[in-house]
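Take a look at this one chain, the form predicted alone, written out in structure tokens.
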């Protein structure tokens, strides 16, 4: 494990117990068994570490959900979407609790910006799923439906994030599939419009059509951090594919699958999936 990853794992544990504000850099370095100087070689500040953890947490969830939406058959996609959302929040419930609390109280502009950016990616994935499932039947209400789904995600996640309610994730997913289908079939008075959604502009950390050079840079950085493995070899081949396309789609898909389940490669897999689409 790299020193940077050790710091992130340790900080995640401390933040989950104590919150962002109550956890000091000194506590993190003491728990890691490293000096403050070693900490600042990896992160310029505690705020930078917090943003890195938020990136890591959100990238895991978004890449998993995007994969489900893209690769699950229509009749099962809504169920697997909800199941994956709540399974991810349940798995990371301690950090999710801190994040939801801090987000509601924070004046940190970078934190707010990050959460707006990831919320936009969630919205895009949900909207694509709605359009795929219901088509023209919800052309006038799809944005309302998108916000209803996001409301379900937020409200029901609080049951186990804040109240530690034991949940049957299978039953929860089935229940929300039923509710979503009823809304899709019977909602007739739209409130959220395309024009309203367009007003919520969020600056993108990467361009809308993510630039090839930016993805190549992310891949190169990740390759430098990794030990020899099938994931590292796959990243190298995917980098070559970006620079000089030569592999058929089936090979590219296989390479993406090789890296998708590595938690440190999920985001690159997500970006490449969108790029090669």
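As the structure is a prediction and not an experimental result, all values here were calculated from the model. Rigid core here is just the name for the largest C-alpha set that superposes within 1.5 Å across the two forms. Positions refer to the first chain, counted from 1.
The discussion below concerns the form predicted in complex with the DNA, not included here.
Novice: Only one of 226, 216, 38, 51 gets a heavy atom within 4.5 Å of the DNA in the model of the complex. Which one?
Specialist: Filtering the options by heavy-atom distance leaves 38.
Novice: Tell me whether 3, 24 and 34, taken together, all sit within 4.5 Å of the DNA in the model of the complex, counting heavy atoms only.
Specialist: Looking in the model of the complex, the three residues 3, 24 and 34 all sit within 4.5 Å of the DNA (heavy atoms).
Novice: Can you tell me if residue 46 lies within 4.5 angstroms of the DNA in the model of the complex, counting non-hydrogen atoms only?
Specialist: Yes.
Novice: Would you point out which of 227-235, 24-32, 58-66, 242-250 contains residues with a non-hydrogen atom within 4.5 Å of the DNA in the model of the complex?
Specialist: The contacting stretch is 24-32.
Novice: On a rigid core superposition, would residue 42 pass a 2 Å threshold for CA movement between the shown form and the other one?
Specialist: Shift of 2 Å or more: yes.
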